[in-house]
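Take a look at this one chain, the form predicted on its own, written out in C-alpha cells.
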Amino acid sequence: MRISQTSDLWWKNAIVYCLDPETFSDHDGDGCGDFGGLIQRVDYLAALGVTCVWLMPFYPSPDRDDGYDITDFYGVDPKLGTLGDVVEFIRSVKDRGMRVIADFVINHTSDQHPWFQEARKSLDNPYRDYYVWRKDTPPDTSKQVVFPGEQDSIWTKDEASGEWYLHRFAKHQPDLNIANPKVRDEIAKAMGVWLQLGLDGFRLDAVPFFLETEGQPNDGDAEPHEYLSALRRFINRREGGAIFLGEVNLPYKEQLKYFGVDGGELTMMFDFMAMQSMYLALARQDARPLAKVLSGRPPIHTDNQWAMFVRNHDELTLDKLSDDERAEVFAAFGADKDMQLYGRGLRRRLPSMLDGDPDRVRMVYSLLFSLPGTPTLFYGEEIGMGENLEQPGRSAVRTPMQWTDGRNAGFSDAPADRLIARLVEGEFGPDNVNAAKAMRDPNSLWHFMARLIQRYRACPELGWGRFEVLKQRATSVLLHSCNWQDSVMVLAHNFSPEEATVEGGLNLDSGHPKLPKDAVLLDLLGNRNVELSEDGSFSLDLEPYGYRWFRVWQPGDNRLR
C-alpha cells in the first residue's frame, strides 16, 4: 500500500449520511426532533453501514431558513437539546466507529445575531465592519438574487443607519465581511470549539458566495482563497483528519480552484455537474450525457475527493443544464409547476420521480455507489421516502423520518398538529414506507442499500481508483472501469426499460494490469461471472434497468468474493 493511500484519508471511501436533527427523531415529545432522539437512532445508522453523519444546522436560530440563519455559532438551539446532548451524540457515534461533521455557515448570520444588532446601532460601532455596507443607492441586482420570486435585490436599506447591507440570500441573513480579520478569528474560534468537542469537520454552505468580495475593501490581505486555505490549515492543526466538504455548484474548471493548490482548501466538493447530467440521462433513457460529463471531469489531488449524490436537502438544482435540457427533465420527473422551484430545480425525491419503480430506483443507487467519489445519502433515501408538496419550497423533502406505520410515523408522540413538519402522505407515506417494515423485509430497498454500502466499502477501487468510461455501442448503458493499484473493476448500468447487450473491453493501453489467461469478470452482486478474453474484451447482457458490478479475478486470488 502506498504511503498516501491509507485510512488517514477516511473521506476517500466514506458513506456520508445527511440528517436534520429536528426532523429525524423526537425524544421529549414536543413534536420537534432533538439530540435525545438522535442518540436513540445511532445503532440504526451503524446497522445501515454509515461511516460519517452530516448534521444540518443545530445552532440557535429564529429558524426562518431551517437553521441556516444563525444567532450563535457556539450554541445549541434549545428545542434540539443542550451542549451536553450534542457531545453525548458525538460520543455515541464514535463508539460505533463513525464520524460526525456539521454544517457551518460562513457566508451570513441571522439579522437577530448580536453582532448585527450591534452593527446597526451606529456607523462607528465596533461590529459595523463585521458586515458589508454601502452608502450609495445600489444598482438593480435582481439578476443576482439566489431565490427568484422571494427577493428582488441583494442589498437592503437599514433604516436606522441609512445605509444598505449586503445579503446574497434573504434580507434577514446579512452577509459577513470575511475581509475583516476579526470575523475570520471568530469563525476560526467557533470551528475550534466544535472540533475540540469531537466533530471531524464541516460542510461549508455556499462557498463561492462567502469568498466573493463585492462591497468589501480591496485589501491584498483579504484574498479569499488564501483565507480558505488558512482556515483549512487551522482546522487540520486542531484535528489532523478534519475535513471541509464544500457546496460549490460551478462547472468543473471553476470548481478546481476551490480544492486549492495541492488540495489545501476544500477537502471534498459535491459533484453537481455529474448529478445534473445523471437526471438528464435518466430522462432520456440514454447514458451518454452522464458519460460525457464524467469523461470531462478533470483530475484532482490524491487527498481530495468528489462527493456523489442523488438527492440533497435543497431543491434538486438543474441550473447547469440548458433550458431545453432542463425542460426535458421537468417533463419526465416534475411536469406540474408545483413540483418545480425557482425555475431551475425540482422539489421531489427520487422514488416518486421514478413512479416507485423498484428496478429503476435500485439501478440509480447502484450507479451512485459505483461512480468515482464518496456517496452521500439524504435521510430517508435508504427506505424510499417521498416528498410532501403541500410543504412550502424546499421543505417538501424535509419531512419527518418515517420509522414505523404507527402514530406520526414513529417520529414523535406529540399531537399531529404540533409536528415540526407535515408527514408524507399516500403511496410513499409511512403506512407503506417505513424503516421498521424495511428492516424486516430482506428484499427491501433498505437491505439493498446496506448491501451496496458493504460492497462499496470492500471495493477501494471505487473511492481511490482511476475512472474511465469504456466504449461500447449500447447508448442506454454506462460502462466504466475503476483501476487502483493491481485491481480493476468493471461496472455497467442500463438506463433503459429495454434489455441491452454490451460488447465492451478494457483499455489495456491505459494503465490496466496485464490480464492473466484465466481471468474472468467476477460478479460482485450475484453469481453470473463473465468470460474475459486476453485482449480485455467481454460480452454481457443487461435486463431492463439492469446493473452489474465486476472485478477482474483469477483462480487463486485470495480476496473475498
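Please read these numbers as outputs of a predicted model, since none were measured by experiment. When you see a residue number, it is the position in the sequence shown, counting from 1.
Just so you know, the form predicted in complex with a small molecule exists too; it's not on screen, but the next bit is about it.
Exercise. Pick from 205, 405, 223, 163: which has a non-hydrogen atom within 4.5 Å of the small molecule in the predicted bound form?
Worked result: Contact with the small molecule in the predicted bound form is made by 205 alone.
For this session: Just give me the single entry in 276, 304, 173, 388 that has a non-hydrogen atom within 4.5 angstroms of the small molecule in the predicted bound form.
Result: So the residue touching the small molecule in the predicted bound form, by this definition, is 173.
For this session: Flag residue 147 as yes or no: does it have a non-hydrogen atom within 4.5 angstroms of any non-hydrogen atom of the small molecule in the predicted bound form?
Result: Heavy-atom contact with the small molecule at 4.5 Å: present for residue 147.
Problem set entry | Exercise: residue 30 in contact with the small molecule in the predicted bound form, heavy atom 4.5 Å | No.
Exercise. Heavy atoms within 4.5 Å of the small molecule in the predicted bound form: does residue 169 have any?
Worked result: Yes.
Exercise. Given that the partner is absent here, does residue 447 sit within 4.5 Å of the small molecule in the predicted bound form, heavy atoms only?
Worked result: The answer is no: residue 447 has no heavy atom within 4.5 Å of the small molecule.
For this session: Could you tell me which stretch in 310-318, 348-356, 416-424, 93-101 has residues with non-hydrogen atoms within 4.5 Å of the small molecule in the predicted bound form?
Result: Comparing against the small molecule in the predicted bound form, the contact stretch is 310-318.
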